[in-house]
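Coming up is one lone chain in structure tokens, specifically the form predicted alone.
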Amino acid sequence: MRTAGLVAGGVALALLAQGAAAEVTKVQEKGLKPYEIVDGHTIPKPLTDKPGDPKRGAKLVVTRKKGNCLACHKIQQLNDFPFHGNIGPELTDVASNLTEGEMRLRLVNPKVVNPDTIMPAFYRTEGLHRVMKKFQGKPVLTDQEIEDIIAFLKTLKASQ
């Protein structure tokens, strides 16, 4: 009996270890730095070697010609800015609900997480539809701008 239990336990551990292996998708688009999507829900590694700046990120979030996040999202910490949207989820407590890598994927290419989303992909150059000619082949945000926005989003907690 003891031997059978040990064998069964060993098989269970082997199956768990096999299931724990992360599925990694390597992405390389023309003109962009390569990155890896892990398990279909996170880009755990930053897109740059330079850390994001939350002050620059906050500016991008409210800039209409860049991030323009307030067009769709409410962020209570930015109540000084008018016209918060209600199409996307509220971001007031996003740092309590998503990891840095999950935030990164949602900015880079949210369709990986939700194929039906209307949120634009901010760091893509390929596979996009209805792009104005002057923006074709260019991402909306640079790799550093993505990291700056993430640095800002990491500060957003409702308990503050």
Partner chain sequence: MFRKRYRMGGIALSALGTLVMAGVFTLGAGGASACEECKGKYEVDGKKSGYLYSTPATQAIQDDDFTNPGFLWVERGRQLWAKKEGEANKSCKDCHGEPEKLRGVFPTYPKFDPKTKKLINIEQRINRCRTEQMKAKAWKWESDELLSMTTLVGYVSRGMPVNVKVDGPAKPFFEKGKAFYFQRRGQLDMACKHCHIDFPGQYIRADLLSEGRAGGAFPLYRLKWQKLGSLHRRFRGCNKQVRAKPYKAGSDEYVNLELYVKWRSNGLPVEVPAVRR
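Just so it is clear, the model here is predicted, and its values are computed rather than measured. Positions refer to the first chain, counted from 1.
One more form of this protein should be noted, the form predicted in complex with its partner chain, which is absent from this view; the next part is about it.
- Per the 4.5 Å heavy atom criterion, its partner chain in the predicted complex is contacted by stretch 114 to 122, the sole one of 92 to 100, 114 to 122, 22 to 30, 35 to 43.
- Residue contact check for Arg64: one or more of its heavy atoms lie within 4.5 Å of its partner chain in the predicted complex.
- For the chain shown alone, Asn68 is a contact residue for its partner chain in the predicted complex, at least one non-hydrogen atom being within 4.5 angstroms.
- Asn86 belongs to the set of residues with a heavy atom inside 4.5 Å of its partner chain in the predicted complex.
- Although the partner is absent here, Val140 is a contact residue: one of its heavy atoms lies within 4.5 angstroms of its partner chain in the predicted complex.
- Shown here without its partner, the chain carries Cys72, Val131 and Gln136, all of which come within 4.5 Å of its partner chain in the predicted complex through at least one heavy atom.
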